[in-house]
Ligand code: F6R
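The chain below stands alone and is given as structure tokens, in the form predicted alone.
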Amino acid sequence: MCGIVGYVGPQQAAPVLVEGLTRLEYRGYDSAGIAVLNPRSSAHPSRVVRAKGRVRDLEAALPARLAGTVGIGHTRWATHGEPSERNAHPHTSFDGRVHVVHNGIIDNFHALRSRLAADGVELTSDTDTEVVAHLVARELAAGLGFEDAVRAAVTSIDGTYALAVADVQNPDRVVVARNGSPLLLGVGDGEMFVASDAAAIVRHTSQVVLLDDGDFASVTADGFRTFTADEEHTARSAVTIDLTVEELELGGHAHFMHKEIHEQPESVERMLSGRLDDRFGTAKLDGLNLDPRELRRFSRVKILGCGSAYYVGQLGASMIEDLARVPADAEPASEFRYRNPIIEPSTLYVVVSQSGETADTLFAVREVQRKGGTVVGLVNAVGSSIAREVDGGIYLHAGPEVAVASTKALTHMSVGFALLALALGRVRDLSFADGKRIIAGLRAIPEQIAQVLAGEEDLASAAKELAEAPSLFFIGRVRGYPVAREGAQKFKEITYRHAEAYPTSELKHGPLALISPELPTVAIMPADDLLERNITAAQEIRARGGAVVAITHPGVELGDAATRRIEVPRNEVELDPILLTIPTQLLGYHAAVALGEDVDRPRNLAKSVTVE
């Protein structure tokens, strides 16, 4: 979950590295550092600068002049060792020759540390990464060339890694290796880049080389060479990425999260373009690589995701059951492969990930495929690991999402599930008329999201009141329960207030004991066949002194069951949860702003979870 950047070329490396790390900071922001090679300086052939905290703290620590046109950088999300300068990357070998940055986890690092310590190597950090620098240096000292030394060192490592290695005595290149953690190369004009993702280098090039697991690359200003651990050449060519610098700027918003929430009307409309088939009342999903006959053979759907993607998966399962009448359920991908799951050929497995690099989800893909199952993906990042490994899928086309708390991408996931449910339903028993009804509902969603956003002032007022509470409940029933879970997740991860989601019907089975004037409840209360029961539950909360903020539809009579109401336009009942989720995004955002928290980069979290 760390961010890696590297540069080889004619420019001074330090500014390029710092800019890249700033773009990658959503991947980790506990500490940061860079190493720059300068063969023209016999006194300081390399310089390493590291700092605890944000990239801006690193930038403040840089000397006025840091010359050198080759370098590597890193922004860290701590796994081994507390956030500190000594645990920050890059790490340097015992002889000062080798510098390493790393994303991933080295599972056998305790054994490697013990072996190095027994050989007299003094380890100066608590990290797993430091061992790599020492291992490479030992291979170099034994007479191996730079590329061979990196290959030999990596053979000792068990775990996941994206590595970038610099050698003082080979100051014209950076050697990289990938296994299980994202890494790509950027191809410029007489210069080359290394990065965890394209956001770090988009200002310099739109041509990227996507590395696969097991790939090594030797990168110089003139180009690159990719190879395997067995020294076999691998043919990797550049592709063009559809990403601009402007998409990664705030664009007048105070935070990226706010920007991304407000981008949803336009981005959802873009996602739907060309995917709605009026002639047959269905969805066009050619990327699934499944024709109607193949789609029809699936008698069950299993959805796998992590965190918010898992909650959206629960919402998706409800849509699939409603529209396709196929049993569907969602499960955390992080638990799936560890219970030795039974993989059925008649089950369609669907994995969900914004980044396409979520480690637990990627491992779930491989577990399904290893046992002969069919797995498709709902992924936002084109060319990501999951997108390349699944049997087919639906690209979300949400555009870049920088804020750690996902909003825009999750709405696109919900819409993606609606499209999948529509396609599955129309090859079964969903009528043409119902297919047209769902299509009309989907077409209405962008404008209806805009209507919700137009009420932001009232939402901000409600959020400020909720922010004063030390704890709160989010509740909902059936389709509303995943909305409640996602709402609680958003609230807790950026406000640091305790928020817990319950099925509304479960309140009287225990949680009602916690209701008091100090514990408000956000209740998802759509105008569906469970409205009366939801109102009754809200009245039970009010009778015990609890405040209720109701997210509901226009025209719903709540009486004294709610202290505040937030209205969302009505759509088709199967699609209503998509719109009901939007207010919870703004509630979390404005509560965090009211509390003065760092909205885009909440503590202890990172955007892309690329380690187990």
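Numbering starts at 1 and runs along the sequence shown. As the structure is a computational prediction, the values presented were derived from the model and not from experiment.
FYI, the form predicted together with this ligand isn't displayed, but the following is about it.
A.B. asks: Can you say which of 206-214, 275-283, 399-407, 521-529 gets within 4.5 Å of this ligand in the model of the complex, counting heavy atoms only?
C.D. replies: Looking at the other structure, the answer is 399-407.
A.B. asks: If you check in the model of the complex, is P503 within 4.5 Å of this ligand, heavy atoms only?
C.D. replies: Answer no; every heavy atom of P503 is more than 4.5 Å from this ligand in the model of the complex.
A.B. asks: How about Q489 - does it come within 4.5 Å of this ligand in the model of the complex, if we only consider non-hydrogen atoms?
C.D. replies: Q489: yes, in contact with this ligand in the model of the complex.
A.B. asks: Taking the shortest heavy atom distance, is M413 within 4.5 Å of this ligand in the model of the complex?
C.D. replies: Contact check for M413: yes, within 4.5 Å of this ligand in the model of the complex.
A.B. asks: Is V121 close enough to touch this ligand in the model of the complex, meaning at least one heavy atom pair within 4.5 Å?
C.D. replies: Judged by the heavy-atom cut-off of 4.5 Å, V121 is well away from this ligand in the model of the complex.
A.B. asks: If you check T92, Q354, T129, T374 against this ligand in the model of the complex, which one has a heavy atom within 4.5 Å?
C.D. replies: Contact with this ligand in the model of the complex is made by Q354 alone.
A.B. asks: Taking 4.5 Å between heavy atoms as the contact cutoff, choose which of A309, V301, A499, A463 touches this ligand in the model of the complex.
C.D. replies: Looking at A309, V301, A499, A463 one by one, just A309 meets the 4.5 Å heavy-atom criterion.
A.B. asks: Which residues from 415-448 come close to this ligand in the model of the complex, meaning a heavy atom within 4.5 Å?
C.D. replies: Counting only heavy atoms within 4.5 Å of this ligand in the model of the complex, no residue of 415-448 makes contact.
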